[in-house]
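Shown here is one chain on its own, the form predicted alone, set out as structure tokens.
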């Protein structure tokens, strides 16, 4: 569902991403681990079409991102570190608005089911986003992804700033989405969370993908040791 071939991004003399070769299959969670400046967010932004590659290509469901930036939006949803929603609208209203933007019209009952699937408490549906915690806003973001039937989910530091309970809830939700066939690419600093949810884990340093590990083949302590040696 996601593929990068020799994907490179340079800014003047600085290489933010260097010859990335990566694929993420349907139903897989791929976690990119690395420090700030490692190239994780650059990778996400290239798949989103927010920036253009210097060399190489990124594709979603076989469609070139650079050549079909509008078409790829039909397949993907994006949840950044801070979900940008309308604070004066309720959770239900935000979901309805963004669903309509994506071309889907749902009844109030259907919208409520999407929010429930994303783990939002029923009593919060009609509360304004201004009073939501970060974890609650993330759940509305997940509900939007489900409502627009996204086949690909891009996450940039989604659990940053969440308390352990909210972080765990978020992890369980994205594992459910993957089990239902969504391809997920997640950029994160959180070694424990990457180990908990990912199928495969890539460690990045200074724009280079240094190694790719099958998450089931390594313990959390071993992953931490490998990460520290790499970065």
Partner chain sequence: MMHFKFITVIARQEWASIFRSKIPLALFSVLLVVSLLATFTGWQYVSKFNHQQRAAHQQVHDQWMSQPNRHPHRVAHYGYLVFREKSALSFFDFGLDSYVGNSVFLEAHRQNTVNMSEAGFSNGMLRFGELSMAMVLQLLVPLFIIFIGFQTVASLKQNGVLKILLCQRASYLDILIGKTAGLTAVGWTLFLPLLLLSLITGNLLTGQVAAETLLRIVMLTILYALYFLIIVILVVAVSAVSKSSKNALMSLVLIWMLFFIVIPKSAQTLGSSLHQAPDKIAFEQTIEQDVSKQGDSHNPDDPYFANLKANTLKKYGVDSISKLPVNYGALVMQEGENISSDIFNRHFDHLISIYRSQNAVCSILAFADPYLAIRNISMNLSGTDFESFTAFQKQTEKYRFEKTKKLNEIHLTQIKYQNDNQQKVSAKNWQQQPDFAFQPLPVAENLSAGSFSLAALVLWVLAGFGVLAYVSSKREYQL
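Residue numbers count along the first chain shown, from 1. Since the structure is predicted, the reported quantities are computational estimates derived from the model, not experimental observations.
Missing here is the form predicted in complex with its partner chain; even so, the following discussion is about that form.
Contacting member of 116, 82, 127, 133, with respect to its partner chain in the predicted complex [4.5 Å, heavy atom]: For this set of options, the contacting one is 82.
Look at the stretches 175-183, 162-170, 197-205, 45-53 and give the one with heavy atoms within 4.5 Å of its partner chain in the predicted complex. Heavy-atom contact with the partner occurs in 45-53.
Its partner chain is absent from this chain, but in the predicted complex, do 70, 74 and 98 each have a non-hydrogen atom within 4.5 Å of it? So, yes: the whole triplet contacts its partner chain.
Answer yes if any heavy atom of residue 66 is within 4.5 Å of a heavy atom of its partner chain in the predicted complex; otherwise answer no. So residue 66 counts as contacting its partner chain.
Would residue 93 count as touching its partner chain in the predicted complex under a 4.5 Å heavy atom rule? Judged by the heavy-atom cut-off of 4.5 Å, residue 93 is in contact with its partner chain in the predicted complex.
So, in the predicted complex, is residue 148 in contact with its partner chain at a 4.5 angstroms heavy atom limit? Yes, residue 148 lies within 4.5 Å of its partner chain in the predicted complex.
Although its partner chain is absent from this view, report whether residue 86 comes within 4.5 Å of it in the predicted complex, heavy atoms only. Yes, residue 86 is a contact residue.
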